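A lone chain, given as structure tokens: the form predicted on its own.
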């Protein structure tokens, strides 16, 4: 693990490509500190804070799957259900070789506050399987998914807990989950059961606009930030870490506004081109190879060189805890827009804010996915199919509205935007608990 010679004692070391997620710090503890800061700001009642301090349910499943060679391999799966006072649990399913319980707890808690902030009637959940999806065939991934779904049983459901795609999963994964679920629940619930997951393909009951939703939400926040700062996005320089669904759609949508992507990176390496990187061609390359590495339209650079690029906008859209103290000191960006969940160490955020870099937090800007997931869920419940333009218009309206609320709250309370975002969500949860009480 790399270290920063200028870091204070006890400061977490900056991550590197070789750094294991579990060695970067406990994600749930970091998430808890973020929320506690907002709880203190609004003077949240201790009883409500006690309820929100831990998930309601932590499910761990060990299940066998037959491999292509006929052997049996055991896999560990998770589903954490943090809170459902505002609606059914909602959150992604992650396939990653470092998936762990504390990670799921943090991500599930973030989903609770994300839904509350955007007034989406969902609670927070998160799940996944400890597996490297790149190491398995499509047939093996299908069997892993179906066995995992079967093992979860009635721990998920369209009115109880609604999974969605996340790192390492996609619409095909969700279709397998949905099909497994509806074949378990019974013939008379096959159609209504389609709403058990969101992020499905269109043919299987998905929503137009869902694939680009998270990236679109990120870009709406960048556009609003630019309007507030009287900053011209046309010709501005952007760097993006992570080029999966969120990073690639963010790059494509920003390029339509005239922004120039000059640097990209993922687990396979980092690239730069001062003249601009074509996001469509890079996306095609990543689709074929699984990484930005080897793309001919840019030059290979180091991770340190990537963070030191002369850019106006930085979008971390990879995994959590990628932006450490060293990276924060190197960044020259005017704004950091968190496309990923929890990409920034708290100490790194302090450095960014201290040098005048704006930080638009994940809970605000990467919520396009859960917002359009809500729209998909509604379409399934109503047996409807909304027009693509209608979905995207609704998403833009919701993102712009919430952005304005956070901007006003942060200014009124003189706090950072992350704390403001959590505080707004907490106040809505507080109102609900104070009205409903605890049964019995």
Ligand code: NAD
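Just so we're clear, the structure is a prediction, and the values are computed from it rather than from any experiment. Residue numbers count along the first chain shown, from 1.
The same protein has a further form, the form predicted together with the ligand, not shown here; the description that follows concerns it.
For the ligand in the predicted complex, the listed stretch (345-353, 328-336, 162-170, 115-123) containing residues with heavy atoms inside 4.5 Å is 162-170. The closest non-hydrogen atom of residue 267 lies within 4.5 Å of the ligand in the predicted complex. Heavy atoms of residue 195 never reach within 4.5 Å of the ligand in the predicted complex, leaving it off the interface. Proximity of residue 317 to the ligand in the predicted complex: non-hydrogen atoms within 4.5 Å are present.
For the chain shown alone, residue 89 is not a contact residue for the ligand in the predicted complex, no non-hydrogen atom being within 4.5 angstroms. For the residues 364, 323, 80, 246, the 4.5 Å heavy atom test against the ligand in the predicted complex is passed only by 246. When you look in the predicted complex, the only residue of 340, 313, 106, 277 with a non-hydrogen atom within 4.5 Å of the ligand is 340.
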